[in-house]
Every structure is written in C-alpha cells, then in structure tokens.
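Shown here is one chain on its own, the form predicted alone, set out as structure tokens.
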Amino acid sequence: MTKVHAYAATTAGGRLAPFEYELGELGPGEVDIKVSHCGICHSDLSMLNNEWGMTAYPFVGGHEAAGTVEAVGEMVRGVSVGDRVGLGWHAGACMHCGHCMGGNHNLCAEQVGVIVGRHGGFGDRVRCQAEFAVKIPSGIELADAGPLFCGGITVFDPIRRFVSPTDRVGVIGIGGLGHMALQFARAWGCHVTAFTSTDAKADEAKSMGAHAVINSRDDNALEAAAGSFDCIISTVNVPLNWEGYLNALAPKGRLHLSGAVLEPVPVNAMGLIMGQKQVSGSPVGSPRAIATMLEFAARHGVKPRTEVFAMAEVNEAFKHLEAGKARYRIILEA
C-alpha cells in the first residue's frame, strides 16, 4: 500500500492540517505521480468552501500538480517511471464514449475530477489514469508547469478553437487566467487588448502581451470600442456590463466565458441575431489539447508569473489568494 502525506480540511472553509491516507493497490492503466509542485487555483478555494455543493471531506485540494512518474500499473503505455508529467482538473474518463473517442475527454459524462470525490495534489503523491498524466516538455520547468494544467488550458483551448492569428482579441480580467491569456493570444499572432479594473496593472498587462488596455469599469471607453473585437474572453467570476461587451464585438464576434460566473448572463437576442454573434463557454481541455498547449508554451516562452509557498504553508497561501493578492498564480513546493 502506498501512503500519502497530504494536507486536508475536514469542514467547509476549514484550515488544512497534515493528513495521511493510503492509495490502495495501483490498478491497471493507472500511474502514481510524485508531486514536486502544485498550483493553487481559485477553484481549489471554491471547493474548499463547498461553493459548488460537491465537496467531500476530508478535502485534499490541488489540481495543478507537477512532478515525476513514480509507479505505473499494468497495461500503461506512453509514460514511464521518471517521466516529468503534470495533472490538471481531470484524473480519468470512461475512454470509450463518443466524446472520449473524439478526443474530448473533458466532456465525458463519466469524467473523474482530481479533487471531486477523491484526493488531489496537496501532498507528496497523486494518482490518475495514465492518459491524464501529460508529459512536460523540456523547455518548461516543473516549478512553472502546474498552473498551465488548469488556468493555462482554460484560456488556451478557446484561442486554439475559435481565434485566428489576425483576430483582435480582448481579455477581461488580468489575474490568474487572464495574464496567461494575454501571453497566449499575443504569441498566437493577435492584436490583444486587456480589460482590467486595476489601473496599476496596465503596464504589467502590456509586459505580458497586451497592445492596449481599457479600464473595465469605464463604460464610455467600452462604448468607444463598439464593433472592435473578433473575440472577447472573460476570465472573471463576477457580473459585468455584458451588453457593453457584446456591443464591443464585431459582426460574427464571440464572447467566451472561461470564468465561472454563478449568476445568469443576460443576452439581447436581437443583438446576437443581427450581428451573427456568439456567446460560448468551455471547461479546461483534453489531455491532447493540454499537450498541444504545453508544446506551444515551450516554443513561445509562455509561462505563469508565480509566487511560491512551501506545501506546509498551504493555509497562508489560501489566505493570500482569498485576499486577492496573488500575482498571479500561487505554487506550493513539496
């Protein structure tokens, strides 16, 4: 039996304390990852607080794990002991439904979340189906890799699927997701505009790829940008001036939601119809999409800006995140 030393909370919003558990026998098609680094995502905070009503306690968070393969089960192909790999939101899927067979494992009805009903990467080991342990290219450090497996793929996948290199792209929210979206969109070849409510982030946004910056609280500036954008990606989880952003789209433009807004988004049907505009959303991405994203990131030098805490400082790290002080992703070092 493999014993894991981790950090867990026993109540909603509770402190995480040292916690040990056993993984059981390694099954066919599974791998164990020795965690060297694990990012903290806002989704970890939402799960810790049971905001989505699906958290099981004791709760071990962490779905941006990076490390090396420590053990492989029978019938595993493609990864070997010692490989540098990462693990994102998903730990497994059915592997036989139409979505899985079509390369969209993240849409599988039987998908297994790394921190939903099981224990994640806030510890020294984490287990998954081998296909979800995605190899990390040599050009990416393990200390930087974790956030790419959640925040990175969340913004890269809509760019990969919906954006052309000549498009004019807006990114709402220059935080954990948005600062990577700026880098990806710029490297993709787009003209990039950052929408931020924090004037102090303007210069930082430009250093991360933005050609222009608009104050997201300035409705006049938003109105002046009417008809400008082929795609606007929202990375925030709060209500916005949605009508203003839809008006800022060019004909056939797309407003894409990557931030988990819990309130309904009002849409003017006539505005969509007359402009042939679209509103869409997406969750993370499949293992194949993650591998493509990692290759692109390594080639173009895209990486998260991070702050590092020791794994034992997980509670302090959560307080830092909850206070909105993270610049821009937090890494726990095992």
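One rule holds for the numbers: they count along the sequence shown, beginning at 1. Source: prediction; values computed, not measured.
Just so it is clear, the following notes concern the form predicted in complex with a further copy of the same chain, a form of the same protein that is not shown.
Contact flag, Lys277 vs a further copy of the same chain in the predicted bound form, heavy atom cut 4.5 Å:
It does: once a further copy of the same chain is placed as it appears in the predicted bound form, Lys277 has a heavy atom within 4.5 Å of it.
Taking any heavy atom pair closer than or equal to 4.5 Å as contact, tell me whether Asn104 reaches a further copy of the same chain in the predicted bound form.
Heavy-atom contact with a further copy of the same chain at 4.5 Å: present for Asn104.
I'd like to check something about Arg77: if you look in the predicted bound form, is any of its heavy atoms closer than or equal to 4.5 Å to a heavy atom of a further copy of the same chain?
No - in the predicted bound form, heavy atoms of Arg77 and a further copy of the same chain never come within 4.5 Å of each other.
Using 4.5 Å between non-hydrogen atoms, is Val112 touching a further copy of the same chain in the predicted bound form?
Val112 lies outside the contact set for a further copy of the same chain.
Is a further copy of the same chain in the predicted bound form near all of Gly13, Leu23 and Gly53, within 4.5 Å of a heavy atom of each?
Heavy-atom distance to a further copy of the same chain in the predicted bound form: none of the three under 4.5 Å.
For the chain shown here without its partner, which stretch in 80-88, 183-191, 168-176, 250-258 has non-hydrogen atoms within 4.5 angstroms of a further copy of the same chain in the predicted bound form?
Answer to the contact question: 250-258.
Candidate from Leu45, Ala291, Val308, Val265 lying within 4.5 Å of a further copy of the same chain in the predicted bound form - any heavy atom
So the residue touching a further copy of the same chain in the predicted bound form, by this definition, is Val265.
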